[in-house]
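Next comes just one chain, in structure tokens: the form predicted alone.
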Amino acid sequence: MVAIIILAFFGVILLFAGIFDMRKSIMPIGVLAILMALVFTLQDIDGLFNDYTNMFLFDTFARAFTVVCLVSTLLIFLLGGEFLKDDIHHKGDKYALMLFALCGAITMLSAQNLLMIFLGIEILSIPLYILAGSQKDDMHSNEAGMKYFLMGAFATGILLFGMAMIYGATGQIQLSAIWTNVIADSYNHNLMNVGIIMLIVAFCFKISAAPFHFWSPDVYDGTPTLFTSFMATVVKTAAFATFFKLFLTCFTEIGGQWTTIIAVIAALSMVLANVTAIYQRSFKRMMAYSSISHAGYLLLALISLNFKEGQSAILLYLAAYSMATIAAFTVFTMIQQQTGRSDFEVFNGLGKRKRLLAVTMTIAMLSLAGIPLTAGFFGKYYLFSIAIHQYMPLVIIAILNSAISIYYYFRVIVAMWFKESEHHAISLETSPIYSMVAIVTSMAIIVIGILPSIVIELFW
């Protein structure tokens, strides 16, 4: 709760900093806010607000995923110092919107009733609609903002209908009370079934799982790259962790009524995304389909119906995925800013021109592909191991799709190390901040890959 107050307070300060032309202070203020929130979260010194009138419960689950969101946002903020350096008028606004969105993410993670989950989703989503379309002179950005807003509005309506159905079925909005009614079989079964299906549809939109993923490639491609990395990491972490908590807190006892639906969605997400990603020529669109496929892998934790093991598996997976995605976007952002291109050819010969960038991108791609000794390998291993007893055929599909994904991830690696750069390729200038983020994310991927238990034992 204290973390939310800190971030909201500093978000307002950043708005005023933008008004009073304090451009050099904007990024340091934002970083300070995140560091303060991180200290309060890790030290557990906000116990006074742990259970706030049954609306928030900042338990170990919320704390663990809040740390992932805060660390991811901190790294993205550091990248913003270079990415937004030429933005004279709106730099403070964009940093503030990211802080406000982060407040929504933390609200979702610690919410204890349906209304607070809805409020958190809206606080998270509304700033992102603006950020997606923030590049006003770019038609692709305008299109991304409009598509994201329209699809988000429909998803919000479906989410509210689903929550209304759950309330109608049980007479409760508190997660613990809904669980009690489900255990006692004291609810309207028809309303409950319709409500669960609507909640699945709404959350699958938020995590961009098939067949509710069609907005994702266009929005990722058109959104300014800095905010694309925020969507791909912080938004996915908060949305999936909330999805997991809601269903495995309230509906585990009736899992047979919805796990088959989740299994079908997971299979569709993995197959459609991985096959389609092979044919992409834009790196950002490829990363969008990669994000969809990872949503499919993450859904394996839901159908396991095991909260204790599932929370550890998705924490490790989301931490690994976030570090690899930020590392990849760090390299791509630097190259895109200097070349103005987003196709795979921009990576040609990068290993000879900028070895640090090439090594960072290689580690990121290997982790996303799930190659051993990277964080991504153990993330997939833990997910597959907890789901194999429930849905072995789905785990086999996931393994086969992981093999397919190696092809398009290795396209980037092959381009960097085995293809010659074009004759007109420019000499890339490496920013110290970008280099620092690249090194930090690469080390995190390797450390988690060698000692995966370090993430889990930090909280459980």
Partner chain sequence: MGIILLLLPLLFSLFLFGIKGKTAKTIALLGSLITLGFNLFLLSIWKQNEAYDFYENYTWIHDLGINFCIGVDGLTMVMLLLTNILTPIIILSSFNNIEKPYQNSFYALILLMQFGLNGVFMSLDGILFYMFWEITLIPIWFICAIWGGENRIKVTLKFFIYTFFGSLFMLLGLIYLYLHTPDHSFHYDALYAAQLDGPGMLFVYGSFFLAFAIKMPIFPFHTWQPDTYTTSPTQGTMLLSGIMLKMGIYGVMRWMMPMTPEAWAHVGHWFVILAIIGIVYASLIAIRQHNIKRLFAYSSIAHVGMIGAGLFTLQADAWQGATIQMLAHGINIVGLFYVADIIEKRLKTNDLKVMGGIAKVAPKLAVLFMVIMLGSVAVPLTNGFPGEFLLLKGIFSYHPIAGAIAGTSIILCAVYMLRVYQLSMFGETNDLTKNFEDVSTLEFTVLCILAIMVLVLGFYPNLIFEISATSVSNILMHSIAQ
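Every value quoted in this text rests on a predicted model; they were computed, and no experiment measured them. Positions refer to the first chain, counted from 1.
Below: the form predicted together with its partner chain, not depicted.
K.L.:
Please tell me whether the candidate spot formed by 369, 377 and 385 is one where all three residues come within 4.5 Å of its partner chain in the predicted complex (heavy atoms).
P.N.:
Yes, the whole candidate spot contacts its partner chain.
K.L.:
From the list 42, 35, 433, 406, which entry has a heavy atom within 4.5 Å of its partner chain in the predicted complex?
P.N.:
Looking at 42, 35, 433, 406 one by one, just 406 meets the 4.5 Å heavy-atom criterion.
K.L.:
So its partner chain isn't shown here. In the predicted complex, which residue out of 307, 179, 381, 258 has a non-hydrogen atom within 4.5 Å of it?
P.N.:
Answer to the contact question: 381.
K.L.:
Can any non-hydrogen atom of residue 2 be found within 4.5 angstroms of its partner chain in the predicted complex?
P.N.:
Residue 2: no, not in contact with its partner chain in the predicted complex.
K.L.:
Quick check on residue 362: any heavy atom within 4.5 Å of its partner chain in the predicted complex?
P.N.:
Residue 362: yes, in contact with its partner chain in the predicted complex.
K.L.:
Closest heavy atom of residue 399 to its partner chain in the predicted complex, within 4.5 Å or not?
P.N.:
Flag for residue 399 set to yes.
K.L.:
At the 4.5 Å heavy atom threshold, is residue 183 in contact with its partner chain in the predicted complex?
P.N.:
Because no heavy atom of residue 183 falls inside 4.5 Å of its partner chain in the predicted complex, the answer is no.
K.L.:
Given that the partner is absent here, state which listed stretch (229-237, 385-393, 69-77, 330-338) has heavy atoms within 4.5 Å of its partner chain in the predicted complex.
P.N.:
It is the stretch 385-393.
K.L.:
Just give me the residues of 430-449, first to last, that have a heavy atom within 4.5 Å of its partner chain in the predicted complex.
P.N.:
If the 4.5 Å heavy-atom criterion is applied to its partner chain in the predicted complex, 430-449 yields only 449.
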